[in-house]
Ligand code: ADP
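Let's start with one chain on its own, the form predicted on its own, as structure tokens.
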Amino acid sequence: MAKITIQNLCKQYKNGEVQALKDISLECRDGGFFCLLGPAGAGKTTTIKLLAGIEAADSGRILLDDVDITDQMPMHRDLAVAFETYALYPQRTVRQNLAFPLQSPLRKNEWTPETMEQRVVEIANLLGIGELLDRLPRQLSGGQRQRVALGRALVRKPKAYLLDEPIAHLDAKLRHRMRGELKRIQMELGITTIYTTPDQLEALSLADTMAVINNGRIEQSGTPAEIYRRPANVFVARFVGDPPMNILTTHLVGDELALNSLMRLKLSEPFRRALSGYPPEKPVLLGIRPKDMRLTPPDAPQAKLHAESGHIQVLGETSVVTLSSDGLEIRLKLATQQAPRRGERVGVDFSIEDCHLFDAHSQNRIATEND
């Protein structure tokens, strides 16, 4: 087990034309499960490559248990890596691919042929590929190949796992099961794990701590609950949460936030103090999650907005309803049985206490006393 620390890490490509990582810092505690969450091209895979020693950092440091390993060769770092791309040996069977990490010069003396076979079979059965051990990679489906690639990392017991979108190509049912298995394995072994994903639900369900990365920068780090409840900026607010948070552009009018002529929202005392000194002409971004909004009859006194129901996305017991009002679109998440008919006029109610405030210029969170 090991603590992994990244300090001010930078990486450029194409003679500085591409800034892949821009001064990122983060820490994964000893035995922790750390998720790096971000869209495609954010810098997730680059971070894993630098940690593994596959590529060299331009500046910054990588520490393993407070020991600087920035310039160490990959084989001396004792880190097991699995990438989204399979990188399997095509001429070797599944059994031989899984056993390969145990046969390296640094580790082959740790395993007898019997214990090696036992470990390979154990991991293969765990991943549901036990019956495929004698097949070659070309005889496998894409999902099966990805499970072999993941198994090749899990078969070892290194200081840490570096898993770069390791279950991205699995079908939804198997991906859901594998999330639970990965978390169980990590908790049982207690091995430090850094896991990258573009799937915010995956990150929220797996991570002890996490960081949201975008365009090579860390937007926010913390526990999943902290990031979900108090997003640091508009990007995090919209990226973490499904459906994304509704962001409304409002202006301060006295002790109310006004959304053109559509809405006047009375501020609570903590919000009023947070916005004290804001000029009326400066816009304030108001964020509200779809799950925190409720439908009312259009003539109900508590209705803060009036809108017309549009597209309804049925997700089983819940549905996502898109509402429109004078060019404004908002989304609600509610029980399917409560969903309105398409074209129906409705009212929308929500509590100011469930809202989030962001500066329209910087896009950063405006902190309140409740934060």
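Everything numeric here is computed off the predicted structure, so don't read it as measured data. Quick note: we count residues from 1 along the sequence shown, nothing fancier.
From this point on, the text means the form predicted together with the named molecule, which you will not see here.
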item	value
Residue among L323, A42, L305, L50 with a heavy atom within 4.5 Å of the named molecule in the predicted complex	A42
Stretch from 33 to 41, 309 to 317, 328 to 336, 56 to 64 whose residues place a heavy atom within 4.5 Å of the named molecule in the predicted complex	33 to 41
4.5 Å heavy atom contact, A360 to the named molecule in the predicted complex	no
Contact label in the predicted complex: V348 to the named molecule, heavy atom within 4.5 Å	no
Close approach of I24 to the named molecule in the predicted complex, 4.5 Å, heavy atom	no
Heavy atom of C355 within 4.5 Å of the named molecule in the predicted complex	no
Interface residues of 10 to 29 toward the named molecule, as seen in the predicted complex [heavy atoms, 4.5 Å]	Y13, K14, V18, A20
